[in-house]
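Just the one chain here, the form predicted on its own, laid out as C-alpha cells.
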C-alpha cells in the first residue's frame, strides 16, 4: 500500500527558552526536523506532510526544496488535531505513518519494522520500555496481550501508571481506516486536547485489530523538550556514530570525544585523536591520521596523510602522503597534490599546491597556482587583494622563495627562480635566476635609541 508520512512539527517548544521553533534546533549540525525528514525519505513514501505552526515561515524556508507538503496547525490543540489538519491534503487511501519532529534519533530500521509488522491491522503502535515511564502514555493490554488502549499519564489511574510499556509517539494507521478513526477524535480528557492515541479506543470500539511493535533501542524514540534533553540526544548520536566508526576499523583515542555533524567516510587503518569535529561530507583515505583538536569540513584527505593538532580544513582536496599543521588553516578551494607539506601557522585559500611542494610556516598563500617541488620560506605572503579586486599568483616548478617575501599579484615566479629573503616582488621573474629587491643596508653612527618617556 502507498505510504504517506505525517511529521508533527507545529509546537513552539517553550521549554527550549528560544525564539526558534523547537524542531529547528540543531542536532549534529542540522535541524532535528531534517533528521526526521531524511529518515522518512528512506522509506520511499509517496508523500511527506509536515505539520507546522509556531514560526511556520522559518520552517518552510529551512526545509524548502525537499518535496514536502506543509499544513498549518494554527491552534495547537493536540496531536490528534494536528493529524486532522492533514486530511484535506492526504492522498486518499494511503497508509499513514505519524512521526515526531522532535524525535531525531528514530531509525529507518525501526520504522520499517513497524510497517512490516502492521500486517492487516488497523493500527500499529511503536512502543518501548523507558528507564522510568513517568510522562509517557501507557500501553494497556488484555490478558491475551492484545492492545486495547493508550492512556496518557494525566488520565491514568494508579494501576495504569504502574505499566512500563509506553507509547513512543510513532504510529501506523491503515489507509482504509484513517478517516474513520481520526474523524472520531474528541477532546474529552483532562487536557481538553485531541489525542491521536484515542484512535486505539475507536479501533477497539469498531472491533478492529491493534498491535504494538516494541522498539528494541529505547534511545531511538527519545524526544527533545528542553536544552538538557537536546544535549542528551546529541550525546547519544555521537555514541552511535563512534560505534559505527570503530566497527569499520577506525581507532578512536576516545569515543566520547568525537563530533560528526554530517557524513564521515573512512578507509582502513584510520586514526582519530580526541576533540575532532567533522562537518558535512568528509572522506578519509587509508592510513589517515587526524591529531587532536582538528576541524574538517566538506573535504577529502588522501591515504597516508597526517593532519597535525589544531588544524582547520574547509572545502579542500588533500592528496596522498600530505602533512598539514599544526595550527594550519586550509580554506575553501585549496587543492594539495601528493607529498605536500603545510606547516604551522600557514593559511591557504583558493590555492593549488603542486606535487611535493612545501609551505612550512607563518605564510599566507591565496589565489595561487603553485607547481611541483616549490619551497616557500617563512613569513611569505601572496598579496592577492588590492582593496577592491583579487589577483592570481603563479609559482612554477622548482621555485625557492626566501623568508619574509611579498609576492604582489598579478605576478608569475618562473620555473627555477630563487627569490632572496626580504624581497617584495611586483614583476614576473626570469627562469633559473636569483631575484631580490632590497634597499641598501646602512649603519648610522651616533643614532640615539628611543627611550620610554
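None of the values given here were measured: they were computed from a predicted structure. Residue numbers count along the first chain shown, from 1.
In what follows, reference is made to the form predicted together with a small molecule, a form of this protein that is not presented.
Scanning 211, 241, 100, 323 against the small molecule in the predicted bound form with a 4.5 Å heavy atom cut-off leaves one residue, 100. For the candidate set 346, 340, 82, 272, a heavy atom within 4.5 Å of the small molecule in the predicted bound form is found for exactly one residue, namely 82.
Taken together, the three residues 22, 78 and 168 all lie with some non-hydrogen atom within 4.5 angstroms of the small molecule in the predicted bound form. Between 250-258, 288-296, 69-77, 112-120, the stretch whose residues reach within 4.5 angstroms of the small molecule in the predicted bound form through a non-hydrogen atom is 69-77. Put simply, residue 152 is close to the small molecule in the predicted bound form: some heavy atom of it is within 4.5 Å. Contact annotation for residue 8: at least one heavy atom lies within 4.5 Å of the small molecule in the predicted bound form. None of the heavy atoms of residue 368 is located within 4.5 Å of the small molecule in the predicted bound form.
Contact check for residue 187: every heavy atom lies farther than 4.5 Å from the small molecule in the predicted bound form.
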